[in-house]
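To begin, one chain is listed below as structure tokens, in the form predicted on its own.
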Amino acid sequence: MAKAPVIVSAIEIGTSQINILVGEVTGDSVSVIGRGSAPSGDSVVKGEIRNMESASKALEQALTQADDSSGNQLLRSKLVTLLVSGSGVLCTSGIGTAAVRNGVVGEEEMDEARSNAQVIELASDWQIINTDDIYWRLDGRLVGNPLNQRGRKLEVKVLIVQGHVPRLDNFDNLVKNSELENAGLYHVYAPICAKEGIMTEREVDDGALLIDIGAGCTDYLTAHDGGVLEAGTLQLGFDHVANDLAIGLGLTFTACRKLFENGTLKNAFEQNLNSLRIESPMGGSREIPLCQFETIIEARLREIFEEVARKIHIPGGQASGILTGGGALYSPALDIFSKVFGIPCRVGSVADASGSLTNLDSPRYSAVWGALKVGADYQRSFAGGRDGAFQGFIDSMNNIWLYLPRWIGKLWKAFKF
């Protein structure tokens, strides 16, 4: 008898918006069955929660939307992946070795080498949250996948992502206080999520640079020969672009931010307009040439891309670029990316999502979709336990107790005294 589908969810608590996806895992596939989003309301800044109360309200709004759109499946989530980024994340690397005992590399030797690579000195308030293979060597020669190959000494270099525990705890408490306390909660570094969400196997093999521009931060990642080489986060994003526009053009920051959020600037460039009429903070409106917007935006984007360029090296002779996140909605950004790095590039958006909700083609959903895929992989690796009618009964009883407080709350609000 086939196993019943398992529900997993992914949560992205960003500077400008909170995004949630609910997925149904069946075998080797995951389908999107629910989605929720809500403005963060400035409660999150550069990957850190600044106002727990307003962040909690925004999260509750997004969770309710995700639960309703999924047919009340959200609280059945067995596992939740939570994206992390910002200054509370640090990427390092480690090298581990293992002796090949029987002359043929098995899973045991690979796990041992990975484990040894993670034996690093950690500060008391930091912990390892993710790892990713960079390369494998077998008896000194590079190999893509050493499994079942003959040799004596196995070596692996691993990307190690560390998280600052107090910052992680803030996000954990926020999620656990919002009716998801019964689900397993796992942190996933945002650029790794974006990679899983939109990079093709060929790009990861041939060499690629991925840049995810959000409102408060810019994440980046390089990959080659099937593994992640480097990853990191800049404390610069499109809010800095909006601030530059506000200063340079004498507008309010809020008005400039809305130009990106509602697509006004994107549409203006696509329609080749000469100017935009903008409401003045002093009253009335004025016409501003589009070239003035372009000059200011290009200067800041070039600075962001050049800062990434100083921190990474372009991998492989056939390397390409992928630009994603909300910043990718600004169409001239792709040309600036290509000029700075000297490689062909594309806008990365979700292309392989299936399920009842598949309209996730905006670059804004790249990372949260990747987080859902990672969560599905985690769930498969953790799968096991009881099956059959008895487990179905236990699950149904759990669901009653999970939803009872919400049902009572909705019933109470329905009465007017």
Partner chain sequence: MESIQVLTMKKLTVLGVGSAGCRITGILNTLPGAENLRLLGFDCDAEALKNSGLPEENLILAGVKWRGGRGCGGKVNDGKAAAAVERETLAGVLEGTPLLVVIAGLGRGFGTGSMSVIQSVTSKLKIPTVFLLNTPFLFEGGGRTKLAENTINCDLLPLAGAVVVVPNDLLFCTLKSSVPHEEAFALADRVMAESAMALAVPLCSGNRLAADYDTLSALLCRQHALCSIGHASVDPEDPEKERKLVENLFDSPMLGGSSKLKKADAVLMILNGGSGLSLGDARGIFENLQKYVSPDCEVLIGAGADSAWGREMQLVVLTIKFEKSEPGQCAAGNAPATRKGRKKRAEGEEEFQPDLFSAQTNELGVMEGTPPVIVDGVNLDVPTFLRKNIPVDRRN
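Residue numbers count along the first chain shown, from 1. Just so it is clear, the structure is predicted and the values come from calculations on it, not from any experiment.
FYI, the form predicted in complex with its partner chain isn't displayed, but the following is about it.
In plain terms, the part of the chain that comes close to its partner chain in the model of the complex, with a heavy atom within 4.5 Å, is 294-302 out of 74-82, 294-302, 89-97, 139-147. Although its partner chain is omitted here, in the model of the complex none of 6, 373 and 379 has a heavy atom within 4.5 Å of it.
Only one of 104, 123, 247, 334 lies close to its partner chain in the model of the complex, with a heavy atom inside 4.5 Å, and it is 247. The contact residue chosen from 111, 172, 306, 270 relative to its partner chain in the model of the complex is 306, the criterion being a non-hydrogen atom within 4.5 angstroms. Its partner chain in the model of the complex is not approached by residue 179, whose heavy atoms all lie more than 4.5 angstroms from it. Contact between residue 342 and its partner chain in the model of the complex is not found at the 4.5 Å heavy atom cutoff. Not displayed here, its partner chain is approached by residue 50 to within 4.5 Å at the level of heavy atoms in the model of the complex.
Contact annotation for residue 310: at least one heavy atom lies within 4.5 Å of its partner chain in the model of the complex. Annotation for 5-31: no interface residues with its partner chain in the model of the complex [heavy atom within 4.5 Å].
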